[in-house]
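Just the one chain here, the form predicted on its own, laid out as C-alpha cells.
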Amino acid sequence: MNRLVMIAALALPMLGTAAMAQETVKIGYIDPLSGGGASVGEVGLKTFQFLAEEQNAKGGILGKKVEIVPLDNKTNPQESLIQAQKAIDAGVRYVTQGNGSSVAGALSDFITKYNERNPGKEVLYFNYAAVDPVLTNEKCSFWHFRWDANSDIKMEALTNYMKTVPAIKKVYLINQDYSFGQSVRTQARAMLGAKRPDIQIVGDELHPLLKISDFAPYIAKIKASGADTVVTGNWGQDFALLLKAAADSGLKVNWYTYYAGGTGGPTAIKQAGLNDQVYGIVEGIPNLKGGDGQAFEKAFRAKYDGQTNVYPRAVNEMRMFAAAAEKAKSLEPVKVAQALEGMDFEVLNGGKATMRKDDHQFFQPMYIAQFGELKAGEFDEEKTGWGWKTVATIDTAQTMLPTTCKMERP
C-alpha cells in the first residue's frame, strides 16, 4: 500500500506538467540571441513575445495560452538543429525562424524528415524572414510556410522601380556570401540587364556573413568604381556597419536595400546624412495609414521604449496561425497546415493577401520606401527624427511569381 502511495505521489508532478503543457501553445523561437546577429534576433524575440501577449489577451488560441520559447542558434545551421530537437523534446510543435536562409534550409529539411519518422507528432515551421527562393521552389515542404516575400519577388519590385530612375547609370552590388546574398546578386544582374541594359554593373562583391567589423576597404572599392547606386541584401550589423563606413568616408550614393530598416540601420543612415537616398522593399512601414498598423506601432513602441516594429510579417504570421487553428478547430499541426493552405487574410498594414497552396509562399501588398526627413507627427526610427515614406506600391497580384514546387502532402 505504501509503495502504491509513493508511486502516486511521484506521478502527481508529472501529471501536472503534462496538463500544463496541454494548456499552452508553445512556439519555439529559433534565432540568434548572441553573436553578430543578436541585435536583430532580440528584436524578433520582443516582437513574438508582444504578439503572444496580444493573443493571450484575446483568450489565447482555442482557449490555450501562447508561450514563446527562446532558443539561441547563433545564426548557425547546425546549432539550429540542436535547438530544434531541444524544442521538440520540450513539447514544442511549432517553430519560427527568420534570420539566415542557410538556417532556414537546414530547419526545413530537418523538420520534414522528423515528421516522416514521427507520424502523429508532427511539427510545423513558420518562416517569417528567410527569403531564399529555393524554400518555396525546388526545396519546398508541406511543413514550411513563409510569410516574407522571397528575394526574387523583392528584386523584381526593386528593379521595376529602378528602371524608372534615369539617374541610375552605374551600380555596385555588395552582399553576404551565403545562399540569400548569392541570390540577390544573381537576380540583380539578370533583372537590371533585362530592364535597363544601359546600366553598368561596376562592382560585384561577396563578403563573409556577420564576420566583418570594418567595411572601410569595401567602401573604398565602391568609391573607386564610380558607382552612383549600391544594391545590397545585407542585414543586421552587416548593413549598419556598411553604412557607418560609408559615413566615415563621405560616400554619397543611393542605396537600394532589403533590410535597411533593421536594428542599427536607420541610425547609420542618419549618421551618413543620406536623406532620401536609401530605399527599401518592404511589406509595411509605420507611416502607412491602412489596417491597424499604426495602432499596433504605437502600442509596440510604448512597451519597448520607442523600438519600432520591423516585422509586420511576424504579426501576419501569428494572427494567421490563430485564425487557422480556429478554422481547423484543432492545434494539430497537420490540420493547421491544411487550414493555412490557400487562406486569404487582411494584413497588418491593410490589403488582401493570400497563402498560396502550391508552395506555401505568402503574397501580400509590397512597398518601395524611402528613408529621410518626415512631416510633423509621423513615426521616426530609432529616435533619429527620420523615418520611412512610401514612393511606390505593388499590389498583391503583381508580386506573384511562378513556382517550381512539387509538394508532397501527408
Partner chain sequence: MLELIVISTLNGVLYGMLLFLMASGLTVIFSMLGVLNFAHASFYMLGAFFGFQISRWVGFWPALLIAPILAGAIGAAVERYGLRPVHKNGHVAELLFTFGLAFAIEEIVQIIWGKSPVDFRVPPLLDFPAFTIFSTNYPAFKMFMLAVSIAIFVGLLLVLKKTRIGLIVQAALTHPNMVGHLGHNVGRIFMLVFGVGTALAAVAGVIAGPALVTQSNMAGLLGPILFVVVVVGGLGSLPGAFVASLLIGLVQTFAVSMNGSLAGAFGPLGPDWASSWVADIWSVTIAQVAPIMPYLLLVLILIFRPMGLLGTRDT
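Note that this is a predicted model, so its numbers are computed, not measured. Residue numbers count along the first chain shown, from 1.
Same protein, other form: the form predicted together with its partner chain, not shown, and the subject of what follows.
Across the proposed site, 52, 297 and 340 without exception lack any heavy atom within 4.5 Å of its partner chain in the predicted bound form. Only one of the listed residues (292, 248, 326, 109) places a non-hydrogen atom within 4.5 angstroms of its partner chain in the predicted bound form, and that residue is 248. Contact with its partner chain in the predicted bound form, defined as a heavy atom within 4.5 Å, holds for exactly one of 223, 93, 196, 335, namely 223. Contact annotation: its partner chain lies within 4.5 Å of heavy atoms from the stretch 240-248 in the predicted bound form, the single such stretch among 240-248, 315-323, 254-262, 280-288. Its partner chain is not shown here, and in the predicted bound form it never comes within 4.5 Å of any heavy atom of residue 368. Not displayed here, its partner chain is kept clear of residue 142 by more than 4.5 Å at the level of heavy atoms in the predicted bound form. Using a 4.5 angstroms threshold between heavy atoms, residue 33 counts as touching its partner chain in the predicted bound form. A residue is said to contact a partner when one of its heavy atoms sits within 4.5 Å of a partner heavy atom; residue 228 fails this definition for its partner chain in the predicted bound form, lying far away.
Looking at 208-234, the residues that come within 4.5 Å of its partner chain in the predicted bound form, counting any heavy atom, are 208, 211, 213, 214, 216, 217, 218, 220, 221, 223, 224.
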